[in-house]
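Quick setup: one chain, the form predicted on its own, written in C-alpha coordinates, and binding and motion questions come after.
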(Lines give C-alpha, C1' and ligand atoms only; values in the text may rest on other atoms or scores of the structure.)
Protein backbone atom coordinates (compact mmCIF):
# COMPACT_ATOMS: atom_id res chain seq x y z
CA UNK A 1 0.00 0.00 0.00
CA UNK A 2 2.84 2.38 0.87
CA UNK A 3 4.48 1.63 -2.47
CA UNK A 4 1.19 2.29 -4.29
CA UNK A 5 0.72 5.59 -2.46
CA UNK A 6 4.28 6.64 -3.23
CA UNK A 7 3.79 5.77 -6.89
CA UNK A 8 0.54 7.74 -7.01
CA UNK A 9 2.15 10.74 -5.33
CA UNK A 10 4.97 10.67 -7.87
CA UNK A 11 2.49 10.49 -10.74
CA UNK A 12 0.53 13.45 -9.40
CA UNK A 13 3.72 15.42 -8.86
CA UNK A 14 4.91 14.85 -12.42
CA UNK A 15 3.65 17.68 -14.63
CA UNK A 16 1.64 16.68 -17.67
CA UNK A 17 3.12 17.62 -21.03
CA UNK A 18 1.49 20.81 -22.24
CA UNK A 19 -0.37 20.65 -25.52
CA UNK A 20 0.96 23.34 -27.83
CA UNK A 21 0.21 25.21 -31.07
CA UNK A 22 3.34 26.18 -33.02
CA UNK A 23 2.98 29.28 -35.23
CA UNK A 24 5.51 30.51 -37.81
CA UNK A 25 6.01 34.30 -38.00
CA UNK A 26 7.31 35.06 -41.48
CA UNK A 27 8.37 38.68 -40.82
CA UNK A 28 10.07 38.01 -37.47
CA UNK A 29 11.90 34.77 -38.40
CA UNK A 30 10.49 33.12 -35.31
CA UNK A 31 8.03 30.53 -34.02
CA UNK A 32 5.53 31.42 -31.30
CA UNK A 33 4.56 28.49 -29.08
CA UNK A 34 1.06 28.71 -27.56
CA UNK A 35 0.02 26.67 -24.53
CA UNK A 36 -3.43 25.26 -25.35
CA UNK A 37 -4.47 25.12 -21.68
CA UNK A 38 -3.64 28.74 -20.84
CA UNK A 39 -3.96 30.22 -24.36
CA UNK A 40 -0.74 32.13 -23.78
CA UNK A 41 2.56 32.29 -25.68
CA UNK A 42 5.15 30.42 -23.63
CA UNK A 43 8.15 30.47 -25.98
CA UNK A 44 9.46 32.40 -28.97
CA UNK A 45 12.03 30.43 -30.97
CA UNK A 46 14.32 31.88 -33.68
CA UNK A 47 14.35 30.23 -37.11
CA UNK A 48 15.80 30.79 -40.55
CA UNK A 49 14.53 33.56 -42.80
CA UNK A 50 10.79 33.81 -43.52
CA UNK A 51 9.42 30.63 -41.93
CA UNK A 52 6.13 29.52 -43.47
CA UNK A 53 5.18 25.82 -43.72
CA UNK A 54 5.53 23.80 -40.51
CA UNK A 55 4.87 20.15 -39.65
CA UNK A 56 5.90 17.54 -37.09
CA UNK A 57 7.21 14.01 -37.50
CA UNK A 58 4.76 11.28 -36.49
CA UNK A 59 6.29 10.88 -33.04
CA UNK A 60 6.62 14.67 -32.60
CA UNK A 61 10.35 14.35 -31.88
CA UNK A 62 11.21 16.63 -34.81
CA UNK A 63 9.61 19.70 -36.30
CA UNK A 64 10.18 20.64 -39.95
CA UNK A 65 10.12 24.32 -40.96
CA UNK A 66 10.13 25.85 -44.45
CA UNK A 67 12.63 28.71 -44.08
CA UNK A 68 11.68 30.18 -47.44
CA UNK A 69 14.22 32.98 -47.79
CA UNK A 70 16.99 30.71 -46.47
CA UNK A 71 16.14 28.20 -49.23
CA UNK A 72 16.08 25.32 -46.80
CA UNK A 73 13.92 23.10 -44.62
CA UNK A 74 15.12 23.27 -41.04
CA UNK A 75 14.82 20.32 -38.67
CA UNK A 76 14.35 21.38 -35.05
CA UNK A 77 14.28 19.62 -31.69
CA UNK A 78 10.94 20.85 -30.25
CA UNK A 79 12.10 20.28 -26.67
CA UNK A 80 15.13 22.57 -26.89
CA UNK A 81 14.24 24.72 -29.89
CA UNK A 82 17.66 23.98 -31.38
CA UNK A 83 18.13 23.48 -35.12
CA UNK A 84 19.46 19.95 -35.56
CA UNK A 85 20.30 20.29 -39.24
CA UNK A 86 19.03 21.64 -42.55
CA UNK A 87 17.56 19.64 -45.41
CA UNK A 88 18.08 20.42 -49.09
CA UNK A 89 14.80 21.81 -50.37
CA UNK A 90 15.21 23.66 -53.65
CA UNK A 91 14.67 27.40 -53.85
CA UNK A 92 11.99 29.21 -51.86
CA UNK A 93 10.21 26.32 -50.14
CA UNK A 94 6.73 27.47 -49.09
CA UNK A 95 4.47 24.57 -48.17
CA UNK A 96 5.29 20.91 -47.77
CA UNK A 97 3.71 17.67 -46.64
CA UNK A 98 5.18 14.64 -44.91
CA UNK A 99 4.40 11.32 -46.60
CA UNK A 100 2.61 8.73 -44.41
CA UNK A 101 5.90 6.79 -44.37
CA UNK A 102 7.20 9.58 -42.04
CA UNK A 103 10.32 9.82 -44.19
CA UNK A 104 9.71 11.66 -47.46
CA UNK A 105 8.92 15.37 -47.57
CA UNK A 106 7.15 16.74 -50.65
CA UNK A 107 8.07 20.41 -50.96
CA UNK A 108 6.60 23.11 -53.22
CA UNK A 109 9.38 25.36 -54.58
CA UNK A 110 7.66 28.58 -55.55
CA UNK A 111 10.52 30.13 -57.55
CA UNK A 112 11.60 26.96 -59.39
CA UNK A 113 8.25 25.54 -60.60
CA UNK A 114 9.17 22.15 -59.17
CA UNK A 115 8.14 19.82 -56.40
CA UNK A 116 11.18 18.54 -54.50
CA UNK A 117 11.10 15.18 -52.72
CA UNK A 118 13.56 14.92 -49.83
CA UNK A 119 14.51 11.83 -47.85
CA UNK A 120 14.65 13.08 -44.25
CA UNK A 121 16.82 10.15 -43.11
CA UNK A 122 19.57 10.36 -45.74
CA UNK A 123 19.06 14.15 -46.04
CA UNK A 124 19.16 13.96 -49.83
CA UNK A 125 16.95 15.07 -52.70
CA UNK A 126 15.52 11.95 -54.31
CA UNK A 127 13.41 13.64 -56.98
CA UNK A 128 12.50 16.99 -58.50
CA UNK A 129 9.24 17.01 -60.43
CA UNK A 130 8.37 19.76 -62.89
CA UNK A 131 4.98 21.30 -62.13
CA UNK A 132 3.25 24.60 -62.95
CA UNK A 133 4.39 28.14 -62.26
CA UNK A 134 4.56 29.23 -58.60
CA UNK A 135 3.72 25.97 -56.85
CA UNK A 136 2.42 26.36 -53.30
CA UNK A 137 -0.12 23.87 -51.94
CA UNK A 138 0.94 20.30 -51.12
CA UNK A 139 -1.06 17.23 -50.09
CA UNK A 140 -0.55 13.47 -49.95
CA UNK A 141 -3.37 10.93 -50.02
CA UNK A 142 -3.95 8.85 -46.86
CA UNK A 143 -2.65 5.72 -48.61
CA UNK A 144 0.46 7.60 -49.72
CA UNK A 145 -0.01 6.80 -53.41
CA UNK A 146 -0.80 10.31 -54.70
CA UNK A 147 0.82 13.68 -54.04
CA UNK A 148 -0.75 16.96 -55.13
CA UNK A 149 0.96 20.24 -55.92
CA UNK A 150 -1.09 23.35 -56.70
CA UNK A 151 0.45 26.05 -58.91
CA UNK A 152 -0.70 29.62 -58.33
CA UNK A 153 -0.02 31.03 -61.80
CA UNK A 154 -0.85 27.95 -63.90
CA UNK A 155 -4.10 27.54 -61.91
CA UNK A 156 -3.81 23.78 -61.71
CA UNK A 157 -3.65 20.86 -59.34
CA UNK A 158 -0.87 18.51 -60.43
CA UNK A 159 -1.34 14.82 -59.61
CA UNK A 160 1.86 12.92 -58.84
CA UNK A 161 2.31 9.15 -58.62
CA UNK A 162 4.50 8.79 -55.52
CA UNK A 163 5.96 5.48 -56.70
CA UNK A 164 7.12 6.65 -60.13
CA UNK A 165 7.33 10.32 -59.04
CA UNK A 166 5.76 11.40 -62.30
CA UNK A 167 2.71 13.49 -63.13
CA UNK A 168 -0.30 11.49 -64.26
CA UNK A 169 -2.91 14.27 -64.40
CA UNK A 170 -3.30 18.06 -64.37
CA UNK A 171 -6.66 19.58 -63.46
CA UNK A 172 -7.73 23.20 -63.80
CA UNK A 173 -9.02 25.15 -60.81
CA UNK A 174 -9.94 28.80 -60.34
CA UNK A 175 -7.38 31.58 -60.08
CA UNK A 176 -4.43 31.29 -57.67
CA UNK A 177 -4.87 27.92 -55.92
CA UNK A 178 -3.37 27.88 -52.45
CA UNK A 179 -4.18 24.87 -50.30
CA UNK A 180 -5.12 21.23 -50.96
CA UNK A 181 -6.41 18.41 -48.77
CA UNK A 182 -7.62 14.86 -49.32
CA UNK A 183 -11.04 14.42 -47.72
CA UNK A 184 -13.43 11.56 -46.87
CA UNK A 185 -10.80 8.86 -46.61
CA UNK A 186 -8.99 10.08 -49.68
CA UNK A 187 -12.00 9.87 -52.00
CA UNK A 188 -12.14 13.63 -52.57
CA UNK A 189 -9.53 16.32 -53.18
CA UNK A 190 -10.36 19.88 -52.11
CA UNK A 191 -8.37 22.82 -53.55
CA UNK A 192 -8.84 26.45 -52.47
CA UNK A 193 -8.45 29.25 -55.04
CA UNK A 194 -7.52 32.54 -53.41
CA UNK A 195 -8.36 34.98 -56.22
CA UNK A 196 -11.09 32.80 -57.72
CA UNK A 197 -12.84 32.84 -54.34
CA UNK A 198 -13.76 29.15 -54.43
CA UNK A 199 -12.94 25.64 -53.31
CA UNK A 200 -12.97 23.06 -56.11
CA UNK A 201 -13.76 19.45 -55.18
CA UNK A 202 -12.49 16.54 -57.26
CA UNK A 203 -13.33 12.85 -57.37
CA UNK A 204 -9.92 11.27 -56.73
CA UNK A 205 -10.67 8.08 -58.65
CA UNK A 206 -11.40 9.97 -61.90
CA UNK A 207 -9.77 13.37 -61.23
CA UNK A 208 -13.10 14.85 -62.39
CA UNK A 209 -14.55 17.99 -60.81
CA UNK A 210 -17.65 17.13 -58.77
CA UNK A 211 -18.50 20.36 -56.96
CA UNK A 212 -17.47 23.92 -56.26
CA UNK A 213 -18.00 26.04 -53.15
CA UNK A 214 -18.28 29.83 -53.37
CA UNK A 215 -18.34 32.33 -50.50
CA UNK A 216 -20.18 35.58 -49.86
CA UNK A 217 -19.59 37.53 -46.65
CA UNK A 218 -22.19 40.20 -45.89
CA UNK A 219 -20.68 43.68 -46.01
CA UNK A 220 -17.38 42.49 -47.50
CA UNK A 221 -16.41 43.18 -51.12
CA UNK A 222 -16.09 39.92 -53.12
CA UNK A 223 -12.47 40.78 -54.03
CA UNK A 224 -11.56 40.45 -50.35
CA UNK A 225 -13.13 37.01 -49.94
CA UNK A 226 -10.06 34.87 -50.62
CA UNK A 227 -10.09 31.24 -49.44
CA UNK A 228 -6.69 29.96 -48.40
CA UNK A 229 -6.15 27.31 -45.70
CA UNK A 230 -8.88 25.01 -44.41
CA UNK A 231 -9.34 22.20 -41.89
CA UNK A 232 -12.04 19.57 -41.31
CA UNK A 233 -13.48 18.21 -38.09
CA UNK A 234 -12.70 14.64 -37.00
CA UNK A 235 -15.89 13.24 -38.58
CA UNK A 236 -15.19 15.28 -41.74
CA UNK A 237 -18.72 16.66 -41.71
CA UNK A 238 -17.66 20.28 -41.23
CA UNK A 239 -14.92 22.33 -42.86
CA UNK A 240 -13.53 25.63 -41.61
CA UNK A 241 -12.10 27.81 -44.39
CA UNK A 242 -9.83 30.84 -43.89
CA UNK A 243 -11.00 33.67 -46.15
CA UNK A 244 -7.90 35.89 -46.14
CA UNK A 245 -8.45 39.68 -46.09
CA UNK A 246 -12.20 39.29 -45.54
CA UNK A 247 -11.13 38.58 -41.91
CA UNK A 248 -13.63 35.72 -41.65
CA UNK A 249 -13.60 31.93 -41.42
CA UNK A 250 -16.36 30.13 -43.30
CA UNK A 251 -18.13 27.10 -41.82
CA UNK A 252 -19.00 24.60 -44.57
CA UNK A 253 -21.10 21.45 -44.51
CA UNK A 254 -18.60 19.04 -46.05
CA UNK A 255 -21.33 16.63 -47.17
CA UNK A 256 -23.70 19.08 -48.91
CA UNK A 257 -21.01 21.73 -49.67
CA UNK A 258 -23.31 24.45 -48.28
CA UNK A 259 -21.80 27.40 -46.40
CA UNK A 260 -23.54 27.49 -43.01
CA UNK A 261 -21.86 30.33 -41.14
CA UNK A 262 -19.07 32.93 -41.06
CA UNK A 263 -16.90 33.73 -38.04
CA UNK A 264 -15.14 37.09 -37.63
CA UNK A 265 -11.45 36.66 -36.75
CA UNK A 266 -8.24 38.72 -37.10
CA UNK A 267 -6.94 40.52 -40.17
CA UNK A 268 -5.86 38.43 -43.19
CA UNK A 269 -6.59 34.98 -41.82
CA UNK A 270 -4.27 32.54 -43.54
CA UNK A 271 -3.92 29.02 -42.07
CA UNK A 272 -5.23 27.15 -39.04
CA UNK A 273 -4.98 24.03 -36.92
CA UNK A 274 -7.06 22.26 -34.27
CA UNK A 275 -6.07 21.23 -30.78
CA UNK A 276 -5.96 17.46 -30.22
CA UNK A 277 -9.66 16.92 -29.40
CA UNK A 278 -10.67 19.44 -32.09
CA UNK A 279 -12.71 21.51 -29.66
CA UNK A 280 -10.65 24.62 -30.46
CA UNK A 281 -9.44 25.99 -33.79
CA UNK A 282 -6.44 28.32 -33.98
CA UNK A 283 -6.17 30.69 -36.97
CA UNK A 284 -3.10 32.67 -38.06
CA UNK A 285 -3.94 36.29 -38.87
CA UNK A 286 -1.05 37.85 -40.78
CA UNK A 287 -1.82 41.56 -40.81
CA UNK A 288 -3.04 41.81 -37.21
CA UNK A 289 -0.16 39.63 -35.98
CA UNK A 290 -2.30 37.40 -33.82
CA UNK A 291 -4.01 34.03 -33.52
CA UNK A 292 -7.77 33.76 -33.08
CA UNK A 293 -9.09 30.90 -30.95
CA UNK A 294 -12.45 29.54 -32.12
CA UNK A 295 -14.81 27.43 -30.02
CA UNK A 296 -15.69 24.77 -32.59
CA UNK A 297 -19.00 23.68 -31.06
CA UNK A 298 -20.26 27.25 -30.63
CA UNK A 299 -18.69 28.46 -33.90
CA UNK A 300 -17.51 31.55 -32.08
CA UNK A 301 -14.18 33.36 -31.61
CA UNK A 302 -13.30 33.34 -27.92
CA UNK A 303 -9.82 34.88 -27.71
CA UNK A 304 -7.10 36.68 -29.67
CA UNK A 305 -3.47 35.81 -28.87
CA UNK A 306 -0.71 38.21 -29.92
CA UNK A 307 2.20 36.46 -31.65
CA UNK A 308 4.94 37.71 -34.02
CA UNK A 309 4.69 39.69 -37.24
CA UNK A 310 2.77 38.05 -40.06
CA UNK A 311 1.94 34.63 -38.58
CA UNK A 312 1.59 32.16 -41.44
CA UNK A 313 1.62 28.43 -40.60
CA UNK A 314 0.33 26.51 -37.58
CA UNK A 315 0.83 22.99 -36.28
CA UNK A 316 -0.29 21.05 -33.22
CA UNK A 317 2.17 19.46 -30.80
CA UNK A 318 0.04 17.27 -28.48
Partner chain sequence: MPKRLIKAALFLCVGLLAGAARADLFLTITFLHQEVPLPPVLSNLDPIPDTLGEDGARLGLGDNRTTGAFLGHNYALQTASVPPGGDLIAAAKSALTASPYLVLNAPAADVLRITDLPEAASALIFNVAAPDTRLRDADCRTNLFHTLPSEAMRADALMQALQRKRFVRLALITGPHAPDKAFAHALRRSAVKFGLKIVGEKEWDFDADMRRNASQEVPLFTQDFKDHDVLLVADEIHDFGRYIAYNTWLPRPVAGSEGLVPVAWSRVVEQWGAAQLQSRFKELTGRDMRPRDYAAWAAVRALGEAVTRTESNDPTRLRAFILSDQFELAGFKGRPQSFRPWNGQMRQPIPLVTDRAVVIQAPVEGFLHQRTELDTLGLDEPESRCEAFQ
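Here the structure is a predicted model, which means the values were calculated and not measured. Residue numbers count along the first chain shown, from 1.
Beyond the structure shown, there is the form predicted together with the partner chain, which is absent from this document and is the topic of what follows.
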| property | result |
| --- | --- |
| Contact residue in the predicted bound form, from 75, 133, 214, 217 (heavy atom within 4.5 Å of the partner chain) | 133 |
| Heavy atom within 4.5 Å of the partner chain in the predicted bound form - the one residue of 141, 120, 162, 155 that qualifies | 155 |
| Exercise: residue 228 in contact with the partner chain in the predicted bound form, heavy atom 4.5 Å | no |
| Non-hydrogen atom contact residue 223 with the partner chain in the predicted bound form at 4.5 angstroms | yes |
| In the predicted bound form, residue 102 touching the partner chain (heavy atom, 4.5 Å) | no |
| Close approach of residue 167 to the partner chain in the predicted bound form, 4.5 Å, heavy atom | yes |
| Options 236-244, 141-149, 190-198, 75-83; stretch whose heavy atom lies within 4.5 Å of the partner chain in the predicted bound form | 190-198 |
| In the predicted bound form: members of 33-54 within 4.5 Å of the partner chain, any heavy atom | 50 |
